[in-house]
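Shown below, as structure tokens, is a lone chain in the form predicted alone; questions about how it binds or moves come after it.
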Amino acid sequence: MKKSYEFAHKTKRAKKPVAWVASTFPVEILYAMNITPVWPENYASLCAARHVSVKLCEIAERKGFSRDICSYARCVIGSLYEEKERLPEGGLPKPDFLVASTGACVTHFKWFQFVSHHFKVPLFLLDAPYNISVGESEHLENHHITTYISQLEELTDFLEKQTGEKLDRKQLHETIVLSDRTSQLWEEIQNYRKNTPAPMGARDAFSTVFYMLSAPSTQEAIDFYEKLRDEVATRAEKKFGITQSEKFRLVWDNLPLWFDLRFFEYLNNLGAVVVAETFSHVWIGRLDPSRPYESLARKYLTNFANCSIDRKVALIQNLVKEFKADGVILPANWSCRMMSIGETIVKEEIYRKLGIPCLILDVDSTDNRNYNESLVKRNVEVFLQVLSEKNCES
């Protein structure tokens, strides 16, 4: 990640195009046009891990931004008013333009709209049709795909205008090949986590998902995931788990506590291992180089951020079954309402369909002022006691 930010700053100094990108955006096209993407959401998680996110959120709040707004947005907006020398990795390089999608949340548009005005640079908003289908990518409605493809064509026109360069179809093909391989490797890594004991936990997953999100179309991502895949495969073969006293297997929804990833080690010490996260699975999507725009549409339209709650329930239900989970943790992230909406419905549906208990936790991914550690841990310990009693009964 450090090298990624160093490269972005170096690119900016070389007067080559840098774009700020929001999640659920088809970043593969940027790579195909030699545009360096930087992810403000990733930067916010980095700031949280470095324990400077609250300070930056407070700067944004003094500028008039409500504390109820997404803490990712507040953190990054606050960084715009802080001296670069005081920021992790020297802050984010100034964008030449911004790109976002309606496939995640309204906050992206208003956040990026503000940054567009702040830097006086263009913003492209990809208008993704809302997917009400619960099925996988092959079951998408045709008019949704054609609409998304038309948006990708508009995006291409926008990028060509901004860069003065035409999209090279051969390079797009190569980019799609790389991204597809990255997704394949990440899926293999997740599949090894189905083993008992689990060879990889949530802390490592949230740390290494960076390439899947931010740099899927790079050889560096492939090299990294090949090494990680081999390591996890070896651990699985030798039955070497995150903890050798694995009592409870959990599925984790939503974002983690970026300011305290050691929370997962706390779970491990209680004999609980997060074996799967929705966050690790929603970005997986195989791509077909012979149909680049269509396969990008199928990949990004099925992200559950762009789907009904039924899609989220189906995803968690499948993860519980495939990873043989005993329970589900549903963090209600104060700063990410989009990722937290409907958690009570999810809880009820998972229990109704599978008889698997779920725990809703009040947390925050970036702003630890909204996090009561003692209360959260007390609720977790009670939840694990419930799972223990349930396991004894069965």
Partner chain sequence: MNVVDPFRNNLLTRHEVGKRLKAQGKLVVGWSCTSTPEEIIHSMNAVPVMVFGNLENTKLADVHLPVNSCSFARSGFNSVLKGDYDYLDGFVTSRSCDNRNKIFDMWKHYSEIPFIEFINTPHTRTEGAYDFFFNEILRFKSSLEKAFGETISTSGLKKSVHVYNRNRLLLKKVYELRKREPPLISGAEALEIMLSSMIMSKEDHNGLLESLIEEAPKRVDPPKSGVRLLISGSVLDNPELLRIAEIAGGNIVIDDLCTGSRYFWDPVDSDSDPWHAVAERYLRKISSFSMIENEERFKHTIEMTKQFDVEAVLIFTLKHCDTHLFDAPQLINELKNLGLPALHLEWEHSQRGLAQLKTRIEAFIEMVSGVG
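Numbering follows the first chain given and starts at 1. Since the structure is predicted, the reported quantities are computational estimates derived from the model, not experimental observations.
Beyond what is shown, the protein has a form predicted in complex with its partner chain; the following relates to that form.
Out of the listed residues D260, E246, E265, D310, D310 is the one that sits within 4.5 Å of its partner chain in the predicted complex by at least one heavy atom. Judged by heavy atoms within 4.5 Å of its partner chain in the predicted complex, the contact stretch among the candidates 159-167, 284-292, 178-186, 299-307 is 299-307.
At the 4.5 Å threshold, heavy atoms of F240 stay clear of its partner chain in the predicted complex, well away from it.
Shown alone here, S335 lies within 4.5 Å of its partner chain in the predicted complex, counting heavy atoms only. In the predicted complex, its partner chain lies within 4.5 Å of some heavy atom of F109. Among residues of the shown chain, P93 is not one whose heavy atoms approach its partner chain to within 4.5 Å in the predicted complex. Every member of the trio H117, L123 and P129 reaches its partner chain in the predicted complex with some non-hydrogen atom inside 4.5 Å. Interface residues of 62-84, taken as those with a heavy atom within 4.5 Å of its partner chain in the predicted complex (partner not displayed): K63, G64, F65, S66, D68, I69, A73, I77, in sequence order.
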